[in-house]
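One chain is shown next in structure tokens, namely the form predicted alone.
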């Protein structure tokens, strides 16, 4: 896999607050190699290492996108939800930004059944069939559709398990990460100073609580995916 230049600057990362970790009492000792200092009771992430692993992640997703691979971006906490949806739509990726339903990947047949139900209800709604049903029946189906839209709306076009999963918050999305590990799906994960850097295939040390930090990381990855997709279109 060739290495490329992704325009990753330390000054930009500092402005986004990527280097701010958690309090020194709330940390995972395995993160020691990724921490450069302590300041006013919090750990400071080594941005040189962040830049290195972010660059590796960009190389990985570019290469995968250039070969037509599918991506899933997962980030369900409030601060990340909108950023995840926008990033995924921009890069034509699948996404989960509300609740991760246990077994979403490891029990794919059940997820597939739910997706078929979701698509059928959407078709019926667009065709006006739901409005022609008795009010009680229509209300039940509309509630089902609303619930499916909330939890499965970001993966409604997914026809198989993804090739690569990008996780915004390791602790928040631990179930999703474990499912990927079980299935052998490569993962890229933002890890704060309270995380385990050994769980994901590529762990990017970064502040996973600040909106600006999450946005910057996602923007770099999305740009690499878009560049890779352009290469795939030009050289099918």
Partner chain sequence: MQDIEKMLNKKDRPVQASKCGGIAYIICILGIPGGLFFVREDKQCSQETELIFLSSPLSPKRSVTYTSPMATTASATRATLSSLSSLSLSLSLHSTPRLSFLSTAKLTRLPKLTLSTVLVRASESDKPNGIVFDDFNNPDEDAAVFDPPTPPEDYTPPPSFDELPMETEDEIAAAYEELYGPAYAGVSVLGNDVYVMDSKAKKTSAFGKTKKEKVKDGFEERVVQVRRVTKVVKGGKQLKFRAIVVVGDKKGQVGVGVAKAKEVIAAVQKSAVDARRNIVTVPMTKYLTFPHRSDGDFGAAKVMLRPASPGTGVIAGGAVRIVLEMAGVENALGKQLGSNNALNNARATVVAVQKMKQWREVSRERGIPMEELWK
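Residue numbers count along the first chain shown, from 1. Computed from a predicted structure; not experimentally measured.
Not on display, but discussed next: the form predicted in complex with the partner chain.
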Partner proximity in the predicted complex: residue 126 to the partner chain, non-hydrogen atom cutoff 4.5 Å: yes
Partner contact for residue 52 in the predicted complex: the partner chain, 4.5 angstroms, heavy atom: yes
Residue contact check: residue 120 to the partner chain in the predicted complex, 4.5 Å heavy atom: yes
Touches the partner chain in the predicted complex: residue 86 (any heavy atom, 4.5 Å): yes
Listed range touching the partner chain, judged in the predicted complex by heavy atoms within 4.5 Å, from 199-207, 37-45, 184-192, 168-176: 37-45
The partner chain in the predicted complex: contacted by all of 15, 78 and 99, heavy atom 4.5 Å: no
Within 135-157, the residues that have a heavy atom no more than 4.5 Å from the partner chain in the predicted complex: 156, 157
